[in-house]
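Below, in structure tokens: the form predicted alone, a single chain.
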């Protein structure tokens, strides 16, 4: 397991990730993996994991992938993020894997795949903007 110290520090300050009992599995060199159980507080009316959980994990994984590729003294913010929900979140644990597609000086293009128990559940694509820390 490799985790960039800046990412670890930032992740520890995210109260939403703490609420979801999310775990930072890996974050270095433009790749990030975050996992979380599907808790009762994050389910929708049919009992599936809520799309908000899917989006939050995917957005965070993509954002931390971007941060891991940034110079020291920089942070990133999401400018836009598109999500395709492919399958409902059923099962026990969700995994979001974010990747940097292209890191430019002004924009960072990212993608994330969210899966549950090895089954693809969502794809996200977005843009991050580097900002001074």
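Computed from a predicted model, the values in this text were never measured in an experiment. Numbering follows the first chain given and starts at 1.
The same protein has a further form, the form predicted together with a further copy of the same chain, not shown here; the description that follows concerns it.
Although the partner is absent here, residue 42 sits close enough that one of its heavy atoms falls within 4.5 Å of a further copy of the same chain in the predicted bound form. By the criterion of a heavy atom within 4.5 Å, residue 78 is counted among the residues contacting a further copy of the same chain in the predicted bound form.
In the predicted bound form, a further copy of the same chain sits beyond 4.5 Å of every heavy atom of residue 95. In the predicted bound form, at least one heavy atom of residue 107 sits within 4.5 Å of a heavy atom of a further copy of the same chain. Along 112 to 133, residues 120, 123, 124, 125, 126, 127, 129, 130, 131 each place a heavy atom within 4.5 Å of a further copy of the same chain in the predicted bound form.
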